[in-house]
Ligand code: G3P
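Taking the form predicted alone, here's one chain by itself in structure tokens.
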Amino acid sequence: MTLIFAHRGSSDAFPENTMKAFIEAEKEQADGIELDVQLTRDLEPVVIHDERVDRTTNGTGYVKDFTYKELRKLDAAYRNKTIVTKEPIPSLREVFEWLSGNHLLCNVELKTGKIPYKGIEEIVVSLIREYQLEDRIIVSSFNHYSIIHLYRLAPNIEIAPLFMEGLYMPWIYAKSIRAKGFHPHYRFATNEIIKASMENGIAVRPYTVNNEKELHRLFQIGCSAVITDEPAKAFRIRKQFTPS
């Protein structure tokens, strides 16, 4: 069965990368969540997509320049006019605490492409081990050096490289870095690539799949997983392809 990962939580209707979006994703029957991790000035891993807080909160500046306590004062629901209560930026610890009470999978994306957060891999591995989530976490990144470093620290935690463009025989590359899967942009996840990868034991989890036609295609060929902003829609479509 094709798994459904909620991209930054159920982010079509709720503020992305917030506990509200993650809790909603669970209610909408997602199999897992996808989230992004940056480091604060005092080295707390926090869940936010951009290097700066400007787009998603009422603050301004780089995540790396805030302490965790300062960051918590910001409102991550600021841009969402339907949410009246304040939503703080969650810490990765807070999300792992919540995951301990359910069975969801979690795709942790390390945002080390623009800012090389020193020690982020060690910090994330330590938290995964503390909450004993090794078998439920997939760590991905566009910075492949970052996930290879993490794999060397913890070979029992799954890694998956992210791709913005097509790659020739991506399953061979994935195997070469000891990844059990890869996350391509859905436009480059052709049926041929998906089938060949899965036949070679490599999972394919395309992002960010919101288009109904694309969801139909990926469920129809039994792709490993889809990463989507709209888990409820994906769940509804998947039911058409799952024997009752």
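Source: prediction; values computed, not measured. For every residue, the number given is its place in the sequence shown, counted from 1.
Omitted from view is the form predicted together with this ligand, to which the following refers.
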* in the predicted bound form, which of the listed residues (Leu74, Ile83, Leu162, Leu105) lies with a heavy atom within 4.5 Å of this ligand? -> Leu162
* To do: Only one of Glu28, Glu214, Glu44, Asp36 comes within 4.5 Å of this ligand in the predicted bound form by heavy atoms, so just point that one out.
  => Asp36
* To do: Tell me, yes or no, whether Arg52 is in contact with this ligand in the predicted bound form, where a contact means a heavy atom of each within 4.5 Å.
  => no
* Can Tyr78 be called a contact residue for this ligand in the predicted bound form at 4.5 Å between heavy atoms? -> no
* To do: Consider Glu109 of the chain shown here, and say whether it contacts this ligand in the predicted bound form, taking contact as heavy atoms within 4.5 Å.
  => yes
* Asked: So in the predicted bound form, does any heavy atom of Phe66 sit within 4.5 Å of this ligand?
  -> no
* To do: Choose one stretch from 188-196, 66-74, 171-179, 28-36: the one whose residues place a heavy atom within 4.5 angstroms of this ligand in the predicted bound form.
  => 28-36
* **Residues in 7-26 with any heavy atom within 4.5 Å of this ligand in the predicted bound form** => His7, Arg8
